[in-house]
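Okay, so here's just one chain, in structure tokens, the form predicted alone.
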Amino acid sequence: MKRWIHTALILVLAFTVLLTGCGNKATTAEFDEDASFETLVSQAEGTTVTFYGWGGNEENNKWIDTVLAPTVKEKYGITLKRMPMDIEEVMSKLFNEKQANLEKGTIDMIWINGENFFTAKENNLLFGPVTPYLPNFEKYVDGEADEILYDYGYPTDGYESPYGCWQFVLINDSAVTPEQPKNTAELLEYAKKNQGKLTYPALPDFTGRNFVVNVIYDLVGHEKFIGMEADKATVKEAIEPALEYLRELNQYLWSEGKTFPATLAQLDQMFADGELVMTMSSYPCVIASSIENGIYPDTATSFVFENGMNGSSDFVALAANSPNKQAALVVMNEILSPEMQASRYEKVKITPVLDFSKLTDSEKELFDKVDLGKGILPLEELNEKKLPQMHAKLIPIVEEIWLEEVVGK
């Protein structure tokens, strides 16, 4: 009797292991670097992809959960699991798994940009190039555009696939303050007039950093930073006029520049509550959804400095030890389809990354029929005013100097 029970337990254990293996198909199919896209699709069926990235945009979260995930499930049998996590935590996780020599980690796709991409690529934390595996990249994206070739001035080398476009804008309520500052000089006067009702997120917040970079650009010029060495003394000397300006601005800010909101979400809430007269965004069309959802008033409008503001592309990348590279690449490719880009444009108000000259008439109609809503600057004006990103290797230095030379000063 004991022998029968022992044998039965072994059989149950073996059956459980078999079921586990069948449910995790990606762990049994080694990645073939010469695989065709059709092969990737066939190997991806029935597997799960984890998608790590910032979860602070609820509209984008909803789009992933209700549009992208159901689409890849229906078309390819892929389960897409959104993993909301700050990029600093993602980076830490990547480094920890590398140090532990995990051949198959827990991260597949990553929403990543700028200095984090620079750090990840320099430390061999990413798989690539990925774009040669994506038919939709070749079909719909201008692979020679600067905002595709470079991420914060650092060559992408095909290790990132574009996700959407962004460009920094300022936002005010025209019913409260009809004037819109055209440069840093006018912004200072605006702050004096509305003392205690302006601020920006603390660096290294993405939006706060972009605000500081645009102050630097307006006072120093973006050309000065092209090819600049990542030397703290050199950077500090170059941005000194902006540091002086930011210190002067502090006395007119909320909390007199002694403290800053930690996140854009906090800044937006303060604006929505009337505590502030201005907010800001790196996504120029998101203002429309904020108006639609009652976060911003109907009279909220966006604007940029007359000399322009920085902008670029968002990207997704693939972890070097991703356990499911096949399905992740299929999802990346689907993101670049006109249908998904148009859907995200409509529902999340994120500017598409596709080259419209490569679209058919019927594909263009997907975008033409999108009603973006209120408060948005025309895309033509945004493109005309778009400035390049500061190089990724300079950003951590600027953040460190800001903390030392601006906060509370």
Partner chain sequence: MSKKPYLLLLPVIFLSLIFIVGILYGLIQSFGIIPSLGMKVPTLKYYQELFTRPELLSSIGMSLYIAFVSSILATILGVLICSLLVLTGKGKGKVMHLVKIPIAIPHIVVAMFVMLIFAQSGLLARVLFNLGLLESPNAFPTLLYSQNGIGIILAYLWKEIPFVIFFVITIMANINTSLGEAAENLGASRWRAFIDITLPLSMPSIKNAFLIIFAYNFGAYELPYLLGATAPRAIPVQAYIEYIHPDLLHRPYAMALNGIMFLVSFIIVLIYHRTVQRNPN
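Everything numeric here is computed off the predicted structure, so don't read it as measured data. Residue numbers count along the first chain shown, from 1.
Form predicted in complex with its partner chain: not shown, discussed below.
Proximity to its partner chain in the model of the complex, taken as heavy atoms within 4.5 Å, picks out 192-200 from the listed stretches 306-314, 192-200, 143-151, 334-342.
Mapping the unseen interface onto this chain, residue 388 falls outside it, with no heavy atom inside 4.5 Å of its partner chain in the model of the complex. Residue contact with its partner chain in the model of the complex: residue 88 places a heavy atom within 4.5 Å of it. In the model of the complex, at least one heavy atom of residue 270 sits within 4.5 Å of a heavy atom of its partner chain. The closest non-hydrogen atom of residue 248 lies beyond 4.5 Å of its partner chain in the model of the complex. In terms of contact with its partner chain in the model of the complex, the residue from 179, 240, 157, 275 that brings a heavy atom within 4.5 Å is 275.
119 is the sole member of 119, 302, 71, 136 with a non-hydrogen atom within 4.5 Å of its partner chain in the model of the complex.
Scanning 371-404 for heavy atoms within 4.5 Å of its partner chain in the model of the complex gives 396, 402, 403 in sequence order.
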